[in-house]
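Below sits a lone chain in structure tokens, taken as the form predicted alone.
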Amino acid sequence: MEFALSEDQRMLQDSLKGVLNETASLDRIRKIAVGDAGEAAILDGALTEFGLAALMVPEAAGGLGLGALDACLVQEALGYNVAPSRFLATAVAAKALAGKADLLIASGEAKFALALTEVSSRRDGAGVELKGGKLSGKSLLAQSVDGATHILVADTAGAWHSVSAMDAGVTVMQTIDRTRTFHEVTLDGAEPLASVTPAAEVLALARLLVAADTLGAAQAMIDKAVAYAKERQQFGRVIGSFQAVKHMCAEMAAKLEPARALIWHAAHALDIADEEGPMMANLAKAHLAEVGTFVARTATEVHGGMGFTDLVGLHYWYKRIGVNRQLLGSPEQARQAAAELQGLVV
């Protein structure tokens, strides 16, 4: 048995990497980070044309009918280029609302945002409640709200609801990650367009995609550190020839490569409906949060003082990994969920 990507999966990732290399340069990411809507529209248009919205919609509904592993490959490529994208929100919405919004998602008519932060943790004053068939309350750190037509929001009872973005009040929430914009979403009597009680696999997929994003960002930081070590000279030698720098680069690679296998395994388990899929996805989220943090710190150290400059731009990847660590659940919360799925805690 060959434990590797299929030819189609390699072609998918290679094709997307080509698009991102052309449309998500560091210069464009810098402009998007300071609010250049025109540059963001160029990138969004390229990704829309690529057809990412239809990736996880069944073929019968006009989609591509691909699975969690394909989605992880896409998200890894987006993380590698720190590209802002609606893909994660679209993929999770397609999984959660299967059979309810397939045609709208596949056609691009429905563009989803995610307001699921309170599934993992809730601050005082936050949380959405369903009363009398209407939703009220607020959700923090909602993703992909800009340009969204629909919002997938979780209530305090565990149900998820699709609501019109027109029925929500939104306020920008600034984080350290300037490659993505997060919002506070406020609902006041909004009527759900569709409601579901999602299986564990849906939240697991969302967390796994965050892990895949961290995987891509961390790989980019390693590649940048290695390239810098081959060029930067100290005492008449490239710093990559010093044993200490070699060890730092080797340790980053040694920690990250097994994490890739963990994500692939978790995604495959979700695709074949293996009962350990959700558990493995949660563990992948927790593990990548910690490995990503290590890589971000170590890659910055390899760069020395240059690692803190905007000229190198390493901070975009560093901060994205930092926000991903907490997004949809901290490592501790993801491990708790994995333990509950195994019946180890109640």
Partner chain sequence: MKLTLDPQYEAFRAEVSQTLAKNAHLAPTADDKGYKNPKRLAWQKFLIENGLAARTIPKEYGGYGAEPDILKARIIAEEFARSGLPGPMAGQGISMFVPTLLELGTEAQKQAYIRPTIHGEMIWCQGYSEPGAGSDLAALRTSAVEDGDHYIINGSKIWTSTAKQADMIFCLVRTDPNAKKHEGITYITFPMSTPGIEVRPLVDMTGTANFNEVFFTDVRVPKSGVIFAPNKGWQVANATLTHERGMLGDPNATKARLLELIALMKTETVNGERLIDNPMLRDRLMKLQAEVYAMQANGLRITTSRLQGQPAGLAGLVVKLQGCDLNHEIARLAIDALGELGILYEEGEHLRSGGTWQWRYMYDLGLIIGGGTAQIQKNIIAERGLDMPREPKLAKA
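Predicted, not measured: the structure shown is a model, and the values here were computed from it. Numbering follows the first chain given and starts at 1.
The discussion below concerns the form predicted in complex with its partner chain, not included here.
Partner contact region in the model of the complex: 305-313, out of 55-63, 37-45, 273-281, 305-313, criterion any non-hydrogen atom within 4.5 Å of its partner chain. Across the proposed site, K17, A24 and N81 without exception lack any heavy atom within 4.5 Å of its partner chain in the model of the complex. In the model of the complex, at least one heavy atom of L328 sits within 4.5 Å of a heavy atom of its partner chain. When its partner chain is considered in the model of the complex, E184 lines it closely, a heavy atom lying within 4.5 Å. Contact between S85 and its partner chain in the model of the complex is not found at the 4.5 Å heavy atom cutoff. Although the partner is absent here, H265 lies well away from its partner chain in the model of the complex, with no heavy atom inside 4.5 Å. Out of the listed residues S121, S195, S107, T156, S121 is the one that sits within 4.5 Å of its partner chain in the model of the complex by at least one heavy atom. When you look in the model of the complex, the only residue of G236, P258, G133, G99 with a non-hydrogen atom within 4.5 Å of its partner chain is G236. In this stretch, 251-274, not one residue has a heavy atom within 4.5 Å of its partner chain in the model of the complex; the partner itself is omitted from this view.
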